[in-house]
Structures are given as structure tokens and as C-alpha cells.
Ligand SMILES: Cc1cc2nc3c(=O)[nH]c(=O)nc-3n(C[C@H](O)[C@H](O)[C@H](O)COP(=O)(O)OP(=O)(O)OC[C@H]3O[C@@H](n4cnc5c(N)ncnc54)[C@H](O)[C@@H]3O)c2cc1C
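Below, in C-alpha cells: the form predicted on its own, a single chain.
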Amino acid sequence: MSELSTHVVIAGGGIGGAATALALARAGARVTLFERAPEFGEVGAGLQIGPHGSRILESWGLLDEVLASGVQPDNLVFRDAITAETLTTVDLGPRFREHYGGPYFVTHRSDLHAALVGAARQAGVELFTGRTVVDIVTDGPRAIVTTDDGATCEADVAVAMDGLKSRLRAKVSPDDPVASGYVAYRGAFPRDEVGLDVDLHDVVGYIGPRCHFIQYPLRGGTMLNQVAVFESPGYRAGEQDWGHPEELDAAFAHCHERVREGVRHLWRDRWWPMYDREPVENWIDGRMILLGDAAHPPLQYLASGAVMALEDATCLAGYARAGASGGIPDWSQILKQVNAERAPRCNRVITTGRMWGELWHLDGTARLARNELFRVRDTESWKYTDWLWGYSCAGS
């Protein structure tokens, strides 16, 4: 196919924005990206990438680079947070990789982000930091993009990837972020500083009443990444500042000593109240489309938020290539195709993620029933995971 004769502006330089810039630049488009932060970087700690993401990274020639700084765990292990009993295991070995066409791996958010930004820069993307896109309006076949310094630029299409709290989402939906009432604490430390006796070959999740706790290795096993999530009593009480550190230890006091010990090794100067958005069917306003967390921010339970942004990127670039005549994309049609392809997929991840979170946090007899269902799960079957990990965009 011929290279695209088109100019795309992207609002937001996180993982999704950088990935979309890279995918479009690889297709031959001229791409301009605006990031509001003074420099490129990702906050947070570890990130899980399923085979639906590793296949995309491989297609961009980035998988080996990202794996070099990551870890391929042997298993996903679910344990009861109160007893520490193993409930079920997902073997991530050769059979898994063959079935899904790629590995499941974990990496530091900043490592993945740096790889994407570096590749986008090498592909010729114009990258600007310290500039926030404050408005995008459509003028015939053009998108007029305004940044906070008062400057404007014109493009054939604009992609809004300005995150969960997207200001550009208001152009297609008046909704606000939805609080789950749960809050996440994270910590990523060198293993020799932590001193915990933990298995650094698996991703281990302890699921318990109103809380869960995740452990896995980073950077070749030299670091331990931990995530503690719990229902905030402050949120239930209607407090505005909820999820603060005073709630953390009490939230896990009923858990096994392994979990309680792990909770001691978390950052306590920052925390992440967990929000998503109600699913919406339309992401398009004229020559602008929402993608990434601006369009479909999920709760973290399916570990697919970053991968959905990678899927968005390869899907948009794929439909743009397929919908170009003489190298000129028909953006009005392409945006409709991408929206029609991606909205059902991403909205299913949002709603399933909410359900999965409820399942993890059951108490009483419901917890016991859940544990039994996990124990008797057919570990040879793919029927519950193919929809998530086996997906490929029809346009890519």
C-alpha cells in the first residue's frame, strides 16, 4: 500500500498517544503530538501486557526491546487473601504462547512508554511537550486544534487521547468519571531492599473480602512490584478525601500474614482512587475521535487498559491504510469504521472489569462459592479468555 498523504494531530502523549503516533507514522502519515507534561514519562509502576498486546508490539518491531527490560512470568496465580490457599493457576508457558501467538509479560510503565516514544520519534513524529490541547473543532474536512498557549494548527483528523479526565470527551458525552469506591496503593522496589520471601516467577493475586493484593517481578526479577487495592471506608462515609494512608493497614488486617507483610512495602505518599467511565457508543465529533482512556477507561481488573490503547492505535492505522485512495484517507468513513469496531470491544472490557472486581471482593458464603468455582475451573480450556487475549482488530 502507498504511504498516507495526511496530517494527524494527537492530544496526549501517554502510552496510547505514543502508540497511536507510532502506528500512524509507520503507515506514512505526518503526525504531530502534544503532551501537557513538561517532559515525556509515565507515573506508576508495573504493567501487565497480555498476548493481545505483545502481538502488536511484535508487529511494530518493539517486542524484543520491551521484553529485554521486562519479565515473562511462568503463571498467573490466584490465591485466597485470608488463607493464602492457591485457588487456580493460568499456565503462561509454551502452550499458552502458541495458542495466543505471543507471550504474557510484565514491565515497568516507564520502560514501555520510553520504547514507544523513542520509536515514534525515530519514525518522524513531531513531539511537543508542555502544551495542552484545550479544544478541537471541525471546519469542513479539517480539524482545528488549539493549545493552551493560544496557538492553533490544522490537520485532517485529530485524536483525543487525554486520559480518564479528558476535557475533550465533553464534545461527545457530558458524563463524569465514575468512582468505584476502591483505591490502589503501589510500590516498586529493588528486591534486596524489600527482603520478602516471595516467588519472583509468577504474577500472584490474593483476592479477598473488599480487597486484593498483587505481586510480580520487574526488570529481570531485580525489582518487586506490589499493588494493594481496597474499598475505602472514607468513600462509603461520603468523605471527599478518601483512600488516604490511614485506611491502608486496617483494610488488610483480616488477610494472611504474607499479604500483611507485603502491604508494609508500598508507597504511602501517593495513591490512586479507582475510576472508570460509563460505556458510550459514539466517540466521534466531526474530524475528532476519542481513543484510549478518553474513550474507554476501565478499572484495572482485566489488566488490559494499556493494551486497549495499543489496539486502538493499530486499528486506526489499519483502517486508515485500507481506506486510503491514492494515499489519501477518507477520514469521515475511517473514523466510523474504527468506532464501530472498537466501541463494542472496549465497552465489554469496561463492564466485564466491573464484574470481575465484584467477584474478587466477595465475602461470606459468596466468597466460599467463588473459591470453589476457581478450584474446579477447567485449566485446559480457553473459552473464558479467547475473547480478551485472542482479539485482533479487523482493520489491522
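Residue positions are given as counts along the sequence shown, with the first one as 1. What you see is a predicted model; the values in this text were computed from it and never measured.
Omitted from view is the form predicted in complex with the ligand, to which the following refers.
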Query - Proximity of V9 to the ligand in the predicted bound form, heavy atoms at 4.5 Å - result: no
Requested in this report: Tell me, yes or no, whether I289 is in contact with the ligand in the predicted bound form, where a contact means a heavy atom of each within 4.5 Å.
Outcome: no
Query raised in the report: Quick one: does G205 come within 4.5 Å of the ligand in the predicted bound form, counting heavy atoms only?
Result: no
Query raised in the report: Using 4.5 Å between non-hydrogen atoms, is S304 touching the ligand in the predicted bound form?
Result: yes
Query raised in the report: If contact means any heavy atom within 4.5 Å, which of 63 to 71, 358 to 366, 46 to 54, 343 to 351 contacts the ligand in the predicted bound form?
Result: 46 to 54
Requested in this report: May I ask you to choose, among C315, A184, A155, A188, the residue with a heavy atom within 4.5 Å of the ligand in the predicted bound form?
Outcome: A184
Query raised in the report: Using a 4.5 Å cut on heavy atoms, which of M161, L218, A320, C255 is close to the ligand in the predicted bound form?
Result: M161
Report summary line: Looking in the predicted bound form, the residues of 31 to 46 with a heavy atom no more than 4.5 Å from the ligand, listed in order, are F34, E35, R36, A37, E42
